[in-house]
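Read the single chain below, which is given as structure tokens and is the form predicted alone.
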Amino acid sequence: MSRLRLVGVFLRLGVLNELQYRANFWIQLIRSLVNLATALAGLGVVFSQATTLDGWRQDELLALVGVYFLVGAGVNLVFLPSMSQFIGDVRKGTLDYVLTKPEDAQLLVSIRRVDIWRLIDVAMGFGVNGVALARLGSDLGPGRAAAFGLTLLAGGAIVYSFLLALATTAFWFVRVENILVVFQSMYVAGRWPVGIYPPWLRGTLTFVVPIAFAITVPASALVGRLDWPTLVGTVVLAAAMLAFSRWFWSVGVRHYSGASA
């Protein structure tokens, strides 16, 4: 079975599972609308007192909010649900059912759970970005679109690698679910460009918890603020983190003692 087909199978299973609880659609819709209203209200308060924030204009920050929703949707659609289940399987010793399957185990633990209603945030993110570009009066030309797509994919790869590395520590530590909760709490800081934070927090959100590469960099590409060194550095970092998380995963698997051990 090809990897794309496997992803499609898990996506279909996730849809079928979630359709059993259709009230979740309305819950997620209300949650997403509240989050969007909160983000827009924050922008309104800031720009009622200033014309720019760390050099970002209001409509540019609106685009950043759109990217914030897009990346957050990707993280909560697949990565966080799957990593949470993976951590639980390690703790209970039931990861054996994954490791004994003929497909790549890392891929399986990364896509096993799909929270399909998070697609609401995907639609909302694209909608906000469309409004932002229209208000900026700028066309998304081929070069800028390519840079945005590339940095968005690279940012997603960086976040995925980071979450996989965090979850892999479950092979050595008993309860690490709270680490994922801490990540979700810090992700909220991505609603704003990292340049507004004090140096220690800016460094944390760039090099420790890579929120800057996941949100600020793609938003910069979308509104035409991105320079080539940052673009190249983001892609190189994504490749390096994917390689590291793969290596760290293989080390963790060798330390796993499951129910059959």
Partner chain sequence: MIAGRAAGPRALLGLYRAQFAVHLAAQMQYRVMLAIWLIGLVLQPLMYLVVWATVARSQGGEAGGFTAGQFAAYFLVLMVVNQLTFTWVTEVTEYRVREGEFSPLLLRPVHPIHADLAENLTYKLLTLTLTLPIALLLGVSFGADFSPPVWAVAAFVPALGLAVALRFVADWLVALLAFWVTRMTAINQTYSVLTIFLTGQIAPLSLFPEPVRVVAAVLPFRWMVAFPVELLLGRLSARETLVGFGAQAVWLVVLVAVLPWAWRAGVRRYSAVGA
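Numbering follows the first chain given and starts at 1. Model, not experiment: these values are computed from the prediction.
Absent from the display: the form predicted in complex with its partner chain. The rest refers to it.
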> Is R118 close enough to its partner chain in the predicted bound form to count, meaning some heavy atom within 4.5 Å?
Replying inline: yes
>> Under a 4.5 Å heavy atom criterion, is Q58 part of the interface with its partner chain in the predicted bound form?
In response: no
> Can D54 be called a contact residue for its partner chain in the predicted bound form at 4.5 Å between heavy atoms?
Replying inline: yes
> Quick one: is R91 in contact with its partner chain in the predicted bound form, heavy atoms, 4.5 Å cut-off?
Replying inline: yes
>> Each of L133, L140 and A243 having a non-hydrogen atom within 4.5 Å of its partner chain in the predicted bound form: is that the case here?
In response: no
> L77, L152, M124, L166: which sits within 4.5 Å of its partner chain in the predicted bound form by any heavy atom?
Replying inline: L166
>> If you apply a 4.5 angstroms heavy atom cut-off, which residues in 22 to 53 are near its partner chain in the predicted bound form?
In response: N24, I27, Q28, R31, V34, N35, T38, A41, G42, V45, V46, Q49, A50, T51, T52, L53
